[in-house]
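One chain comes next, on its own, written as structure tokens: the form predicted alone.
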Amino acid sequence: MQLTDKAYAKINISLDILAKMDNGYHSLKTIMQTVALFDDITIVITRGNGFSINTDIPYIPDDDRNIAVKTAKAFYKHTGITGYHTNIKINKSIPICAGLGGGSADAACVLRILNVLHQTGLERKELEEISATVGSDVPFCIDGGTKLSEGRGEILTDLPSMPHCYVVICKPPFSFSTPELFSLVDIKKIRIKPDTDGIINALAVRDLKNITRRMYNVFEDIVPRGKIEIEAIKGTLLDNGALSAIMTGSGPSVYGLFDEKSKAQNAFAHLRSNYEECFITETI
């Protein structure tokens, strides 16, 4: 049996760090949004045992270090299903280590596909519970859309859908380690915060301009390097008509939101001449 599905990327409309929890993790409050940039995931299950994975990027782990394999193992452990060999094929379009949730999206897609192939009928909440054991952003990626995510990412609240807009994403040629960024967090020194509650109120009345006025990602004040380049990308997006531009997730990707496709296309053209990993997409 075989099935292919799309694993959609996410952007953080806001990202706030509230506190450091007793377990060493940080408590977050973030609004996440699905965009139409995706990886293709194909799973083939046959009688047998074990797992295999193939990707179109050579340096992605093809063993148990890959979150897609970890997720498949979590599914089989939860359901008790045995006697199958599972082959996972990943065709990447979402940049790696970019703050766009590519690995989390792949993991969530694996759960959805296995749920269909094995006809297990697991509901969304149960899939989210399984996914929370393998990654913080994976529960959001199970269903996607527009959601408030709290705690480590396991507390999700559905929000009114984001008004449709165009999204230009640019990843500079470097990456950040998420654990490294969190190790640099000093809650008392966070100077600027997003107006998350204001964004939620603006979502309720589908007011895109008031949403974009309130966006921010506190990681922008914590990044250990590359801040000048991140600010330059934001400047290019804003100069070309973006309603707002911020870093997504733990970076380093920066995105801008546009209410007109022509403006988004102009911003994309300006950035694409200097950056290889640029994308023009939209909210879904």
Ligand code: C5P
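Predicted model only: the values in this text are computed from it and were never measured. Residue numbers run from 1 along the displayed sequence.
One more form of this protein exists, namely the form predicted in complex with the named molecule; it is left out here, but the text below deals with it.
The stretch from 134-142, 191-199, 89-97, 114-122 that comes within 4.5 Å of the named molecule in the predicted bound form, counting heavy atoms only, is 134-142. Checked against the named molecule in the predicted bound form, the candidates M215, L28, V69, I45 yield a single residue with a heavy atom inside 4.5 Å, and that residue is L28. This chain appears without its partner; in the predicted bound form, the one residue of N210, T79, S161, T178 with a heavy atom within 4.5 Å of the named molecule is T178. For K147, no non-hydrogen atom is located within 4.5 Å of the named molecule in the predicted bound form, even though that partner is not displayed. Although the partner is absent here, F182 sits close enough that one of its heavy atoms falls within 4.5 Å of the named molecule in the predicted bound form.
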